[in-house]
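There is one chain below, alone, in structure tokens, taken in the form predicted on its own.
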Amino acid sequence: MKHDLRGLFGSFLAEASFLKAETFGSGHIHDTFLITTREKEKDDYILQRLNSKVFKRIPELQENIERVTDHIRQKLEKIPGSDLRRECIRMIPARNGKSWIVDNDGNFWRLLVFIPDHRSYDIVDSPEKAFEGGRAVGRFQAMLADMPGPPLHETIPDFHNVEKRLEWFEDSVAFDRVKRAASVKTEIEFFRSRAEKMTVIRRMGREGRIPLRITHNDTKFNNILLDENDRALCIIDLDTVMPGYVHYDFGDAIRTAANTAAEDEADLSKVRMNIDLYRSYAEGYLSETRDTLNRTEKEFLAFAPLLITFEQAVRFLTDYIDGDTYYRIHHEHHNLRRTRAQIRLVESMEEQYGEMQEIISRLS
């Protein structure tokens, strides 16, 4: 479908005039366009058509982002030398007084200021980049630790709820819709043998030992923008910002940033967690959160990558058993290959777990 991007841009209170639009980025959820403006001294913009099938309550999602970015901006204004243009995303109000519009076809749109002179990477290839990634996530969490008001909305219910993920997994195994369960008995047993241990973060939350905080929940490295010197600027893609445990962000970052192979690597001998990248990421993260997190949160940081990698493996195998209804696949056994690669990554973390704990203890 062709959209009137010039007209949509005009529905927002931008401080520049439309010159051209082009598709932008590699995201799979929203349709994203870079709007170049006529005035070279003024900002360019990112225009997005939001995916209301994945995010079913977009007004609540937008409210979350408004509150979070407003709070971060207030913090940055008090820090000498802060670059407000580049250290926090900024949404542009629409002419209707909201932060989004709905077009004639029922599509939701928003407009953000394009952050200039940034770099982003899909792969972490040095301890220095890992440190900056950890620092960016830690700073994001620390800045939001005192945000006032009611809890944020849950934009995707039970997103990192491993207890629910295991429940849905067992339902899939029992139903066995496309008769695949018998072929993955080894993988099923792997999950069942670790299931109880993997619920510890949820249990500690219920016991009041760790608090619900504001977490990003999708901390893959290409959601972190670095400057021209590869120093952390800010975190983008705030659609999944909601209440969570800090371990979700730390764990998913290590799962994606410290893996020596692709998420769907077929040669499992290539899959392991790079302990040097883990160490640097943890150092950057704790440099920002050391005074914010409580003792129990710190004690279980080393466990977080195992939890989130396990959870992702469960999600991949659930989809495989269900007949590949959720994740996009490129061949019949793609989700099974992903499952096995994530299982191998969990095993690599288990093999290095003592060293992972020692690193956190020393840095804390």
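Throughout, we count residues from 1 along the sequence that is shown. In this text the structure is predicted, and so the values were computed from the model without any measurement. Throughout, rigid core stands for the largest set of C-alpha atoms superposing within 1.5 Å between the two forms.
Here the subject shifts to the form predicted in complex with a small molecule, a form of this protein not shown in this document.
Asker: Report whether the minimum heavy atom distance between residue 37 and the small molecule in the predicted bound form is within 4.5 Å.
Answerer: Outside the cut-off, so no.
Asker: Would you please decide whether residue 168 lies within 4.5 angstroms of the small molecule in the predicted bound form, comparing each non-hydrogen atom pair?
Answerer: Close contact is absent here: in the predicted bound form, residue 168 is far from the small molecule, nothing within 4.5 Å, heavy atoms only.
Asker: Find out whether any non-hydrogen atom of residue 223 is located within 4.5 angstroms of the small molecule in the predicted bound form, and reply yes or no.
Answerer: Contact with the small molecule, yes.
Asker: Does any heavy atom of residue 75 come within 4.5 Å of a heavy atom of the small molecule in the predicted bound form?
Answerer: No, residue 75 sits far enough from the small molecule in the predicted bound form that none of its heavy atoms falls within 4.5 Å.
Asker: So in the predicted bound form, are 29, 112 and 115 all sitting within 4.5 Å of the small molecule, heavy atoms only?
Answerer: Yes, each of 29, 112 and 115 comes within 4.5 Å of the small molecule in the predicted bound form.
Asker: In the predicted bound form, which of the stretches 139-147, 265-273, 99-107, 115-123 has residues with heavy atoms within 4.5 Å of the small molecule?
Answerer: Stretch 115-123 is the one.
Asker: Of 257, 89, 162, 232, which one comes within 4.5 Å of the small molecule in the predicted bound form, counting heavy atoms only?
Answerer: None of the other options qualify; the answer is 89.
Asker: Scan 237, 154, 288, 283 and let me know which has any heavy atom within 4.5 Å of the small molecule in the predicted bound form.
Answerer: Partner contact (heavy atom, 4.5 Å) among the options: 237.
Asker: Please state whether residue 263 has a C-alpha shift of 2 Å or more between this form and the one not shown, with the rigid core used for the fit.
Answerer: Yes, shifts by 2 Å or more.
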